[in-house]
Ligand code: NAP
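Taking the form predicted alone, here's one chain by itself in structure tokens.
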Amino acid sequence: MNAVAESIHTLADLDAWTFPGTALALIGRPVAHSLSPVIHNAALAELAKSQPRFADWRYFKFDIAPAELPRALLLFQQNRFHGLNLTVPHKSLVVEHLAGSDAFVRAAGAANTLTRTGSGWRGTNTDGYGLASALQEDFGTELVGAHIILLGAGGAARGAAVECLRARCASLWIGNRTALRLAAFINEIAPLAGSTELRSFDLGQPPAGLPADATVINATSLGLGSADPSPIDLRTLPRPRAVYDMVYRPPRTALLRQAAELGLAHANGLSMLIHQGARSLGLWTGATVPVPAMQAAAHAALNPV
């Protein structure tokens, strides 16, 4: 099962798909680094011990280019995949192709979880839940009343921003290097802000007004490459309370290395991956998901004997 799960499939594989069981999948580009098949298949194997109906469920990963997304969604539907997860760069791109979505997706303009229905794919976003659970687990941080500095304006950042605003954080500062994209993003989520201070800034020139004791969250893809620079120089910020990087592989990005050098509390995105994945799997199966099995599988994959 592990060999199957770790294979990277493509659009061509969907044209000749023959797997007879209940299939789930991650789609994105890149996907080679992803542990999603490892943690989902571990949970499914654990569920199957007491619930045999899950014995033929498997989770796969697919490398799909943005231009291939519409065709891929059609083929996943035709091949009766039960559910899909989406990662970079598809979380925002997929929204226009959905047959339905929940309020979180409509607010964020991004989905990371799809469920097949008779009329097409229904979108959900479990990233916000995963982030909130991760910050609580790793730092004991609640979003309510917190100061947040969010890096990025893509699909991952959208889910994080909506969760922060819905939780009524004290302030949310969003940094990005593309001004037009950032301005559009801020405009879309502004109706959710309520009493929360919502501000934007250029990642290359952090302003003087950023809050002290904030939690810094990296939602950019910088860090997926081992030679990637940090999305921001932490020394240009008032001293943060903690630094969270959604990237988990490699486990120590340039951002987290600098956080360690500065003596800041820091963590990578493995906890978020597990919690958002557990929420997705719960939606698809209707079962109580064995999170410890997912955690054990992830740590074993990252720290092989």
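If you're wondering where the values come from, they're calculated on a predicted model, not measured in any experiment. Residue positions are given as counts along the sequence shown, with the first one as 1.
There is also a form predicted together with the named molecule; it is not shown, and the following applies to it.
- Of the candidate stretches 233-241, 247-255, 63-71, 41-49, only 247-255 has residues with heavy atoms within 4.5 Å of the named molecule in the predicted bound form.
- The named molecule in the predicted bound form is not approached by residue 80, whose heavy atoms all lie more than 4.5 angstroms from it.
- Although the partner is absent from this view, residue 176 contacts the named molecule in the predicted bound form, with a non-hydrogen atom inside 4.5 angstroms.
- The shortest heavy atom separation between residue 164 and the named molecule in the predicted bound form exceeds 4.5 Å.
- Taking the partner from the other structure, the named molecule in the predicted bound form has a heavy atom within 4.5 Å of a heavy atom of residue 220.
- Proximity to the named molecule in the predicted bound form, taken as a non-hydrogen atom within 4.5 angstroms, holds for one residue of 154, 120, 211, 206, which is 154.
- Think of it this way: in the predicted bound form, the named molecule has a heavy atom of just one of 99, 198, 95, 224 within 4.5 Å, and the residue is 224.
- Looking at 259-278, the residues that come within 4.5 Å of the named molecule in the predicted bound form, counting any heavy atom, are 269, 272, 273, 276.
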